[in-house]
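Heads up, the chain below is alone and in the form predicted alone; it's given as C-alpha cells.
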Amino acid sequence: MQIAILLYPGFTATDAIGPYEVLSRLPGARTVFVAATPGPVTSDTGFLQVLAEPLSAAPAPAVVVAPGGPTARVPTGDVVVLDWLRAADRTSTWTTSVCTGALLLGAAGLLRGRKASTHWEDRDLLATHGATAVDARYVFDGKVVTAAGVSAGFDMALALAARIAGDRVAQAIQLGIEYDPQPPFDAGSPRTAPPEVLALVRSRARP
C-alpha cells in the first residue's frame, strides 16, 4: 500500500510529518514524499527540509495526503500539482488533507459537494471550492478525509488507520508514538482560547 505525501515550498512540517508518523506504521505501508520539483523541499519556517521524490514516483497511491501551509503559499494555481492530485484521486482508496491542504483538494475540484474541515482561520474559503465547511477535528465524506489545523493531522491519520487496519492496530500505533495530548492550556480552539489570545492571532497579517 503506497502512501504519497505531497510537499511544496512553504508546507507546514507537522501537517506532513504528523500523518507520516502514523500512516507509515501501518502494516504493508510504503510511504513516499513527492513534489513537483524533487529534492529538498523547505517548510514554512525556512529551515526544515524534507527530501521528496518526483510526482511520478507515486502515479497511483492508495492514500494521498495534502498538507497545508500559510494560505498564500499553498500552490492552488500550480497546474502540475493539481493534475497529479486529480490523477491520484481517480485511483486512490483515500484522499486526505491537513489544515489548508484542503484548499489544494478544493482547487483540484475534489471537494465539490462534500463536507470538509480546515484551519479555523481559512474555513470560509472552502465555500469557494463548492464545499460545506464543518467545524470538526476531521471529516470523512466518502473517500475524502479533511483535517482541521496542523495538529489535527495526527487525529485524522489515526482515524484513517482504524478504517484501513482496524481499531486495535490504530490504537497500537497511538500507543507506540505515545500520542497522549495533555496541553498546558485550553487555548487550542477559538471556542476556548481567551479573547485576548484570539485577538492576537487574528491580528496577524496572513502570510
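Predicted, not measured: the structure shown is a model, and the values here were computed from it. Note that residue numbering follows the sequence shown and begins at 1.
There is also a form predicted in complex with another copy of the chain; it is not shown, and the following applies to it.
Q: Can you pick out, from Leu55, Ala62, Ile164, Val150, the residue that has a heavy atom within 4.5 Å of another copy of the chain in the predicted complex?
A: Result of the distance check: Val150.
Q: How about Pro40 - does it come within 4.5 Å of another copy of the chain in the predicted complex, if we only consider non-hydrogen atoms?
A: Flag for Pro40 set to yes.
Q: If we define contact as a non-hydrogen atom of the residue within 4.5 angstroms of the partner, is Lys143 a contact of another copy of the chain in the predicted complex?
A: Contact check for Lys143: no, nothing within 4.5 Å of another copy of the chain in the predicted complex.
Q: So in the predicted complex, does any heavy atom of Trp94 sit within 4.5 Å of another copy of the chain?
A: It does not: once another copy of the chain is placed as it appears in the predicted complex, Trp94 has no heavy atom within 4.5 Å of it.
Q: Decide whether Val50 counts as a contact residue for another copy of the chain in the predicted complex under a heavy atom distance cut-off of 4.5 Å.
A: Answer yes; at least one heavy atom of Val50 falls within 4.5 Å of another copy of the chain in the predicted complex.
Q: Under the 4.5 Å heavy atom criterion, name the residues of 135-158 that approach another copy of the chain in the predicted complex, in sequence order.
A: Arg137, Tyr138, Ala148, Gly149, Val150, Ser151, Phe154, Asp155, Leu158, in sequence order.
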